[in-house]
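In the form predicted on its own, a lone chain appears below as structure tokens.
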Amino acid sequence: MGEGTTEMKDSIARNRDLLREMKEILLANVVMAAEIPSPTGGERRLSRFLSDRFTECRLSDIADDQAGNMAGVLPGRNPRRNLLLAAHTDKVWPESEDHTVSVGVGTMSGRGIADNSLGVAVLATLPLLLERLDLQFDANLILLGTSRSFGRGNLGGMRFFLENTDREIDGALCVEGIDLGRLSYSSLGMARGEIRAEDAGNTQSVDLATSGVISSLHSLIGRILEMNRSYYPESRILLGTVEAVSGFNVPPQSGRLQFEIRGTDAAQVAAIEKTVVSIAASLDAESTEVDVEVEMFAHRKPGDLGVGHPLVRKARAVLGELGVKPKVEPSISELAALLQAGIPALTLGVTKGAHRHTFRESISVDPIFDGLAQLVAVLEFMDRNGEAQS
């Protein structure tokens, strides 16, 4: 099936129409996956949901592992080849938050529904979708719900799977709920950490007496922002959480600053990390009032499949036939581990969405079937053109 041909366009349109017939089953799985809390490190219940669906679909080799991943295999005609379809099962929300899904006109909303309950639901439903399309692949299709993606998880699930699987992976797709059009074929270098400030119990200055550790965090942030101005846009330091909780009239005695360094140059990312650690160490050494310490807990290496790779070209062509403009952006998620392992891989989005990582997080229903037709077309290409993947 050639790129840009009438045959490809007709096939995608036909598949999309057939996939719409599975709407009720898919959306039921989206709701169930979204309403199960699954914080990083606490994915067991959502993994069990996947296991139940894999069992109902009669997949083989259904198993979890020590990292909390859940896998099932849809056997192909050629047992020597293996394709991987992965979606992370963890969400940024703790179990204590309300995970109720609201269904509106053409939309669904709820904590984690876009990132990544929809992706998990695609894994859970895919065997039925392929059956509806009357598709059987030559390669085995490994469906993998990965654990410990976010934060301190540091892609622990995917890393564990790649280090311990006895199957050689010929190609992989990472499924994210949003956004349709996302095309990630490269990964950024990354270093993630947290700086903590604690009152040392030796208050002498006006700053500490009136603002607690806020003054130290303010100094840190100012210096990091100045570094950003020097390195941006090739590299950047993203400030995530800034926290120093107390009351209106009690200066906070502890606080933290969570940050992430991203860039295409591994050496530059490492140099920026060294400088940030040095800044924090100097603040700690200069002050007898505040103890400052740094913990670096996640790293990524840059990787790039290349814009000219056949898999990238095919994904672009499929999006073009769907009338969707590709949004090319590097990734720091499971794609990074796959590229580092030398596996040809992409990250693709399924639908449009909004308000990611807020309580208003939402997805649009209708574009989901474009996203599913996209996934199927790219998987078919990977299955039929194994020799073009390396």
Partner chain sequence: MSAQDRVIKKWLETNTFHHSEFWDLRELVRAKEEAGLTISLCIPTLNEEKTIGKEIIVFKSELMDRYPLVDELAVIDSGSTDRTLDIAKSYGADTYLSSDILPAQGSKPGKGENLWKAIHQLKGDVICYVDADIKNIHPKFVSGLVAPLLYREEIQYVKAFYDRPLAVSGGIRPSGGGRVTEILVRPLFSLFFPELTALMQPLSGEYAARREVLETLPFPIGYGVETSHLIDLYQAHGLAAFAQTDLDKRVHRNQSTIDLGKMSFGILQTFLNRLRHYDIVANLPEWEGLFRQIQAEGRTYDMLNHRIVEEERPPMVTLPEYQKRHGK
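Treat the numbers as computed from the prediction; the structure is a model and nothing was measured. Residue numbers count along the first chain shown, from 1.
Keep in mind that the form predicted in complex with its partner chain is not shown, yet the notes after this line are about it.
- Contact with its partner chain in the model of the complex, defined as a heavy atom within 4.5 Å, holds for exactly one of 328, 341, 63, 28, namely 28.
- Note on the partner interface in the model of the complex: the residue among 94, 106, 79, 240 having a heavy atom within 4.5 angstroms of its partner chain is 106.
- Although the partner is absent here, residue 321 is not a contact residue: none of its heavy atoms lies within 4.5 angstroms of its partner chain in the model of the complex.
- Shown alone here, residue 98 lies within 4.5 Å of its partner chain in the model of the complex, counting heavy atoms only.
- By the criterion of a heavy atom within 4.5 Å, residue 23 is counted among the residues contacting its partner chain in the model of the complex.
- Taking non-hydrogen atoms only, residue 282 never approaches its partner chain to within 4.5 angstroms in the model of the complex.
- Contact with its partner chain in the model of the complex, defined as any heavy atom within 4.5 Å, is confined among 51-59, 342-350, 66-74, 328-336 to 51-59.
- Contact check for 139, 175 and 311: none of the three has a heavy atom within 4.5 Å of its partner chain in the model of the complex.
- Within 4.5 angstroms of its partner chain in the model of the complex, the stretch 117-137 places a non-hydrogen atom from 128 alone.
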